[in-house]
Ligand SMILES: O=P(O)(O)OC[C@@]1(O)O[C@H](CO)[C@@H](O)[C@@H]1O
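Below you'll find only one chain, the form predicted on its own, shown as structure tokens.
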Amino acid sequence: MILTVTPNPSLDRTYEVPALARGEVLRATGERVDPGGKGVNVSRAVAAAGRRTVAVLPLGGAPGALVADLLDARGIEVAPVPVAGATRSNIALAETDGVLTKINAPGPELSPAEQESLLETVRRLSRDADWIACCGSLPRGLAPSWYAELVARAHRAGCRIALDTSGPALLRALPERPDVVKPNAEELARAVGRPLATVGDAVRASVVLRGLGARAVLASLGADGQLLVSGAGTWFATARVSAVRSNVGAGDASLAGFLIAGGAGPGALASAVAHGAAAVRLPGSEMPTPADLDPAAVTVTTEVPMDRVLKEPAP
């Protein structure tokens, strides 16, 4: 079982539009309503692969009730933590050329009692988990050290932790030695305080995060591929993608693929890239099923192209 923790879940509405035009009335060509949040997306991808998952998330108000209903309809077990504030609602506008514009609401502020209830719910469910995936931004009320406390408690319970967050929350958690962290290029650059212009820059930044405590770094470089840097070695992976429809949740699908395949080594990296590549070909934040995957399109190598210039450099 893969347990996911989403401290700031959302109700996500995605509209497909031909193009954005400020001040104009836009007519959508497609619409989706999905339960959102990075950990929620990981659970959705795990469930789409036919694996058991439990999603721990604070829920409040009508949007929170709808999130729970949508997850239940997808066969995902929900461990809700009731909160006084309403779960946030987000909007995404997906243009036909693959450009995505997102409007993310801040979400409710969690009280100290609600914060502790969230931690206690994770502790209670962790005994049955193969992995705990802690994902996304922290809502108002949670200190940057909250993820560090969750990682410490999970490790005391003997659980493996995958952490997908950024900024101070990531840096504060690293000394607790999360088993894998999953930054994108921008988050990786921000964590080490310097820009990334090449694949080699990303490798060196990943090594820095390992020096700060991360046991492994699964770094997403967008269209340039993914890196896995761990004590066992360094691998670089890419995948052929014919067309990008939406990149919403692609990184979350990638993390799910990594954990489903064991969470270590080149096989898990290949699974991560296959899931991420499949996700970008789907509408909105739809998660790929095994039928959507194309493992033959994935290449994994230990011969990392250190001098390759990134198509999407991180400032």
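In this text the structure is predicted, and so the values were computed from the model without any measurement. Heads up: residue numbers just count along the shown sequence, starting at 1.
Omitted from view is the form predicted in complex with this ligand, to which the following refers.
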**Request:** Indicate whether this ligand has at least one heavy atom within 4.5 Å of a heavy atom of residue 111 in the predicted bound form.
**Result:** no
inquiry  = Can you work out whether residue 90 and this ligand are in contact in the predicted bound form, taking contact to mean some heavy atom pair no more than 4.5 Å apart?
reply    = yes
_Whether residue 136 contacts this ligand in the predicted bound form should be assessed with a 4.5 Å heavy atom distance threshold; does it?_
yes
| Wondering, does residue 254 line up within 4.5 Å of this ligand in the predicted bound form on heavy atoms? | no
Among 96, 101, 234, 104, just one has a heavy atom within 4.5 Å of this ligand in the predicted bound form, namely 104
Even though this ligand is not shown here, does it sit in the predicted bound form so that 5, 126 and 153 each have a heavy atom within 4.5 Å? no
Of 22-30, 54-62, 35-43, 263-271, the segment with heavy atoms within 4.5 Å of this ligand in the predicted bound form is residues 35-43
Applying a 4.5 angstroms cut-off on non-hydrogen atoms, the residues of 233-249 near this ligand in the predicted bound form are 248, 249
